[in-house]
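Next up: a single chain in structure tokens, the form predicted alone.
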């Protein structure tokens, strides 16, 4: 998990958000009112950038650009028609920009403010406190797609894999895989009611609901896994689990600590509480030679490798580690041994 600033920088060139906070009421008392002379998009961005910088808001200019672009009906400032940059805004648009900017001043993430963002080419609805998928997770999806399409026998994908995602959140991983693998099917589980509801909504918005089963389930309760057996065995288990070391939680940015569900982040003392549950129980659901793909902390590959060696009864082998775009070991491919 990266801090907000680094995450937003990684997204600036390729991704945007749209949507919005539905039914928001405009407050009669707003800080940093827009000066009456600043009426164009360009001037407003300069104004709010200065306000954000003064208040120590990360990625001040990018935040103001996304907000103004959203109010003007675009995903990014760069995609606005040139004529809109200098055209006077309406009074409603000025007030809406002011309202959304006030949320940013409270350190609300841009994704929640605008209510939607792109993940792997899909436009997903985003609402707090459901975990915001990061750009690293797109790399995890890319790796899985490579393995399925280039080496289908390695992941048991005959006619399309059956995939289990543990901790589906907004549905980003599951829905991305479904959209790129038309013969695939997914079982998506999460213990959070908000996450289950949001994955349902995103699946329906993308018309992928017929190929996904979304099940409320706490993977830390071993008896719950029995509910999944009738739909197995599965070819792949995929998860971006809570993996932040508990002692590192307080170092996370206010955008994360104040708005995102801490249970989607805190992985316990060594960040492995949920990971070990997944590894201990996944063999009951995996096909022979089935695979597990995980996003983890860079300190985890060594820890997980040692843990697997201590549990030979699971017949799981760490077969590959992949680095993220910052060069850190972030993704694991673990395979079940053939009997």
Partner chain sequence: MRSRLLLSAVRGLWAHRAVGPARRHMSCGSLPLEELFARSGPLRTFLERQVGSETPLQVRGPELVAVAKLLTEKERELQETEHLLHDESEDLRKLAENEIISCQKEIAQLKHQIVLLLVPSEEADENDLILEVTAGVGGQEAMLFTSEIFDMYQQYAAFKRWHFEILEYFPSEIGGLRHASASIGGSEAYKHMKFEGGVHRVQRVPKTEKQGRIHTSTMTVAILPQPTEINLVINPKDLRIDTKRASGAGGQHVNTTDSAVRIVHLPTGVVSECQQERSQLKNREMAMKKLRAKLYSLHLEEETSKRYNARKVQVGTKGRSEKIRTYNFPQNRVTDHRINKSLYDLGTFMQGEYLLDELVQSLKDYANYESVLEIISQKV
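Numbering follows the first chain given and starts at 1. Keep in mind it's a predicted model, so treat the numbers as computed, not measured.
From this point on, the text means the form predicted together with its partner chain, which you will not see here.
- Contact between residue 328 and its partner chain in the predicted bound form is found at the 4.5 Å heavy atom cutoff.
- With a 4.5 Å cutoff on heavy atoms, residue 109 counts as touching its partner chain in the predicted bound form.
- Within this chain, residue 118 lines the site of its partner chain in the predicted bound form, having a heavy atom no more than 4.5 Å away.
- By the criterion of a heavy atom within 4.5 Å, residue 142 is counted among the residues contacting its partner chain in the predicted bound form.
- Contact with its partner chain, judged by heavy atoms within 4.5 Å in the predicted bound form, is confined among 93 to 101, 182 to 190, 78 to 86, 223 to 231 to 78 to 86.
- When its partner chain is considered in the predicted bound form, only one residue from 113, 237, 173, 132 comes within 4.5 Å through any heavy atom, namely 132.
- Shown here without its partner, the chain carries 152, 168 and 335, none of which come within 4.5 Å of its partner chain in the predicted bound form through any heavy atom.
- Looking at 178 to 210, no residue comes within 4.5 Å of its partner chain in the predicted bound form, counting any heavy atom.
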